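The chain that follows stands alone, in the form predicted alone, written as structure tokens.
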């Protein structure tokens, strides 16, 4: 028991530290989201004697001609399009990179790894999107989001495909399958755990993205949920309760999504760790 005591103390301190790091900011936002403008302006974490959550939430939703509703629709469309395209291209790339061998594949692997380390360049990307007519469009932003998530997704898919026996490929070819049929009907259905992980991680990151929509999708009609914070900082500068209410509303869907599917993330991350 005496040997386990230090480990128990470390675990308790770790939990308390995590609660302090994540719990205090969340409590600060939740309490101030329901305060009056005067009480929220005091910037205190302590709850107020009177709360008005419903009024604050309704004011936030109705602000600027229901801008928050339009932002939720835009962010949802961008997120779904990004996930579908990312799963399609990264799964095929991961399958090919694992099954094929050669000098060209080695260079492609190097480029994929370089994509994890080299930061994106904003100005050249804007120039490229303007050149192909996709600047200030949903598709242009989707391509940017997919390109940023592509290297990590390919690595996950490649590690998972390595755990799928090659004898399965040979048996499928003997049954008359082509390469595309092998991937679509046999390999991709087996990738469900890692596909779920990538979909969850990507959806949260794209939905919460602030920088890329700001640079590549400007315009009031193209506003996303994170960009609505600009509106409440500039237009409602003295109404901090509306700003905190907006933060609460736009943070709730990704938080619930992560809580519901966090086990899927862990299982998918370790699915290809052990090769058969």
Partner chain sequence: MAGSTLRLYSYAFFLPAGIIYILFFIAPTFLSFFFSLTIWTLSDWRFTGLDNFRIFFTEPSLSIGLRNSLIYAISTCALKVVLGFLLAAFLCTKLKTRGFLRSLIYFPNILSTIAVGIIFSSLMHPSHGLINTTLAFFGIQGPDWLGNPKMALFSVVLVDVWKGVGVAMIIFIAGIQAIPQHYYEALSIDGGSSFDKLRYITLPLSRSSMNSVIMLAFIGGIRSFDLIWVMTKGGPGFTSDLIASIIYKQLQGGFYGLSTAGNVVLFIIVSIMAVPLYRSLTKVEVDL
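Numbering follows the first chain given and starts at 1. Fair warning: this is a prediction, and the values are worked out from it, not measured in the lab. In this text, rigid core is short for the largest set of C-alphas that superpose within 1.5 Å between two forms.
Not pictured, yet referred to below: the form predicted together with the partner chain.
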Query raised in the report: All three of 54, 67 and 159 touching the partner chain in the predicted complex at 4.5 Å, heavy atom to heavy atom?
Result: no
**Report entry** Partner proximity in the predicted complex: residue 26 to the partner chain, non-hydrogen atom cutoff 4.5 Å
**Finding:** yes
Query raised in the report: Do residue 125 and the partner chain come within 4.5 Å of each other in the predicted complex, heavy atoms counted?
Result: yes
Query raised in the report: At the 4.5 Å heavy atom threshold, is residue 49 in contact with the partner chain in the predicted complex?
Result: no
Query - the partner chain contact in the predicted complex: residue 192, any heavy atom under 4.5 Å - result: no
Requested in this report: Just give me the single entry in 71, 199, 78, 112 that has a non-hydrogen atom within 4.5 angstroms of the partner chain in the predicted complex.
Outcome: 112
Report summary line: Partner-free chain; cross-checking the partner chain in the predicted complex, the single residue of 163, 186, 155, 177 with a heavy atom within 4.5 Å is 177
Report task. Would you give me the residues of 32 to 47 that have any heavy atom within 4.5 Å of the partner chain in the predicted complex, in order from first to last? Result -> 41, 42, 43, 45
Query raised in the report: Any CA movement of 2 Å or more for residue 252 between the shown form and the other one, core superposed?
Result: no
